[in-house]
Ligand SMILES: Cc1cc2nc3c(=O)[nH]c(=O)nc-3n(C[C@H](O)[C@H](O)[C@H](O)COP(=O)(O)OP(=O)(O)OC[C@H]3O[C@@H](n4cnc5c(N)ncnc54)[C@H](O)[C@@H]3O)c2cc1C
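This document starts with one chain, in the form predicted on its own, laid out as C-alpha cells.
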C-alpha cells in the first residue's frame, strides 16, 4: 500500500487568506482542490509538499457566471458540475464534453476545473511507484538526470494530458491568477511552457482563481478524445475545435487546439486561419486537418504507437470539423469507443 507522506493541512476560508499562506510558505506549500492528481502523486513521492492548502472552503472559487457578454468560471467548479449543467452547450459544448470524459464519475465529482488545467505532465517513466522509478535510477523530471524518452535530450519530454485546457483554448479562454502581490490575467494558451518539468507559468505563490470567456454567441464547439479504454483513461490525443458561421455557412472565425501531443496543449493557428472565409466542405476540412496535424509531435511516452498517434491527428481534426458542420458523428463516436 502506498501511503501519503506527512504534511501540514491548512483550510483558508477566503482567497486573500489562501494567498497569504502561499506567500509565507513559498515552494513548501501546494494548493489542493479535488486532489485527484496531487494526492496520487504524493503517494508515489513525485511531489512532497510540506503543507497542503485546501481551496474547497473558498466559496468565491466555485461560482458560475454565464451571460451574453461572456462567462466567468470559478476554478473549484467540479468537472461533474460542468458536464451536467445544460447551460454549457453550443459555444461551450467543447468544455462540457471535455469535462464529461475525464476519468470516472467518482473522480469527476471531486476533480476541479482549475486542477485539470494545472494537471501535472505525464510519462510512462514518471508515473510509477517510487521503487519502480528508483530501479531505473529515476528520470529527469524527478530525482534523476536522464529523460528516458529521449536519453540524449536535456529537456523533460513528459506530455500534457489535460482534457479541459485544449477545449478552453479553442474557446479563447483566459485565466485569472491571484497572489498576495496582486493579480494578473493571461490567455490560457500562454499559461503553458513546452517543458515537461517547468510546464506551467503559474508561480508557486499564485492561485488560479478563475477562467474568463468572452461571448460565444453564434459559436459552435466540440471536443474529441483518443484513449485506450472508452472510460477512465487519460487522453493520448485530443482535438478541440470551435467556429462561428455566417448565415450562408461560411466560417467567420475558428480556433483549433491539439492536446496530448507535446508538453503543452498546442494551438493550430494556421489551420484555423485557413478555415476563415471558407465553407466547411470536404476539401476545406481535409486541408485544414492536414495543416493542423503538422504541429502534433507525439513521443513514445504514453499509450499507443507514436507514429500512429501522429497519423490519426488529422482524422480527429476531421471528425471535429465535420461535427461543427452539422454531420451526425454519433456512429463514429460509438465505433471509436468500442475500438478503444
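Positions refer to the first chain, counted from 1. Here the structure is a predicted model, which means the values were calculated and not measured.
Although it is not shown, the form predicted together with this ligand is what the next lines describe.
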Using heavy atoms and a 4.5 Å limit, would one call residue 186 a contact residue for this ligand in the model of the complex? no
Contact flag, residue 31 vs this ligand in the model of the complex, heavy atom cut 4.5 Å: yes
Does the 4.5 Å heavy atom contact test between residue 37 and this ligand in the model of the complex come out positive? yes
Is there any non-hydrogen atom of residue 245 lying within 4.5 Å of this ligand in the model of the complex? no
In contact with this ligand in the model of the complex (heavy atoms, 4.5 Å), from 265 to 273, 248 to 256, 87 to 95, 203 to 211, is stretch 203 to 211
Output flag, 222, 319 and 329 jointly within 4.5 Å of this ligand in the model of the complex, heavy atom basis: no
In sequence order, the residues of 157 to 176 that place a heavy atom within 4.5 Å of this ligand in the model of the complex are 161, 162, 163
